[in-house]
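There is one chain below, alone, in structure tokens, taken in the form predicted on its own.
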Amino acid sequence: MVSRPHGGRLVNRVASDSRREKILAEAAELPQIPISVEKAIEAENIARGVYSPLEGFMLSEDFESCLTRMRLASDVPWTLPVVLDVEEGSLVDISEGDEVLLTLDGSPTALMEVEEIYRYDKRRTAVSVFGTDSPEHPGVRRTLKMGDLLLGGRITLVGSVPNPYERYTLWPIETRVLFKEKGWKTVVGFQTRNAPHRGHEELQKTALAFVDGVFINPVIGRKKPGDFRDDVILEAYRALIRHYYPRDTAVLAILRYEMRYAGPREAVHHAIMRKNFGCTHFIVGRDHAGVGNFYPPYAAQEIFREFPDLGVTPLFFREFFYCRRCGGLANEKTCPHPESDRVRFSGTKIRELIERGEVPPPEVMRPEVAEVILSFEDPFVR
């Protein structure tokens, strides 16, 4: 059977039609807090069960326990804070116990029960989550720019966040039904924020040898300059699945989520989210969710030893490469040949070739995938 939701129950904080109508009818009388599109997506992920068992933005007890123990106060594993930060001056008419409307560009997104307003130490938070307070780390920079106060409390979703990729969007309640309809008892989740090269394909297919299906779940959202655009990633994966996967072995759906680049902690968070979608297994590769040189190459695999009760099985892989002498894809455990025989899957080199309008060699990227990428005038985030 597919995995049980994290914490034992799939959260649903989406307002019924009647509840939504009632909240919207009272909207003019409620205090409002404008939120960014990233926070609106967080609210949607909470409400639709991606972040089960969270029912809202974290209270201080869960926040503190997450920082120090990588668990919620209930002892359920949880490695990244999910919080709503605000500037102190924006809470003139808002107190603990109030209900407020979270709005995106003036439109109601969610009703929030403000159970707690609390202070926190930004630098300590950054060090706990990212293992550094270096401003060179993008997650640290974002943390230090956050508001001075955090609001904790349950939310009820009343609006949707504009989504240009509706056709690729599935929520946990839907994937669980889909996996069951396909007869998949075991499902491996694959996290990606790149167009697929042969190494990615090999990771997925090696894992697929042990399970019934693969859930390819690209992250859609804000990325770094030089990353592949979201539409490019999706079209590239469509081509790969169409040409190189047996029928009914792969499901492609997006995850709307802002990467934190928190390395080991984020790898566990990624596994928890895919567990909520119904995955029984999760692929953890080299430098998972890393950035720069902030984390050792396999730190994201080692952290899973601390969570024997996670409820999703991590699958650890070494880095794949093409070996000319082996005549195929291999890794350190399967290939005895020297580095001079190996063709590494360098994202930087792949991007350089594509920038020049050149097709990467077939041992690095499937020609059908390269063709799709090169069909875009500019496939990169600028």
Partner chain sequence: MSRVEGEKVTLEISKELYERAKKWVESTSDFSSVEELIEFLLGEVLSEESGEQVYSPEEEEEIKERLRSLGYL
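Positions refer to the first chain, counted from 1. Since the model is a prediction, treat every value here as computed from it, not as a measurement.
Omitted from view is the form predicted together with its partner chain, to which the following refers.
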Check your understanding: With the cut-off set at 4.5 Å between non-hydrogen atoms, does residue 97 touch its partner chain in the predicted complex?
Key -> no
**Study point:** residue 180: touches its partner chain in the predicted complex, heavy atom cutoff 4.5 angstroms
**Key:** yes
Review point. If you check in the predicted complex, is residue 113 within 4.5 Å of its partner chain, heavy atoms only?
Key: no
Point to revise | Proximity of residue 80 to its partner chain in the predicted complex, heavy atoms at 4.5 Å | key: no
Check your understanding: Any chance all of 198, 347 and 350 sit within 4.5 Å of its partner chain in the predicted complex, going by non-hydrogen atoms?
Key -> no
**Study point:** Contact residue in the predicted complex, chosen from 86, 251, 117, 291 - any heavy atom within 4.5 Å of its partner chain
**Key:** 251
Check your understanding: Heavy atom within 4.5 Å of its partner chain in the predicted complex: which of 167, 185, 124, 145?
Key -> 167
Review point. Out of 153-161, 101-109, 306-314, 198-206, where are the residues with a heavy atom within 4.5 Å of its partner chain in the predicted complex?
Key: 306-314
Check your understanding: Relative to its partner chain in the predicted complex, which residues of 43-73 have a heavy atom no more than 4.5 Å away?
Key -> 71
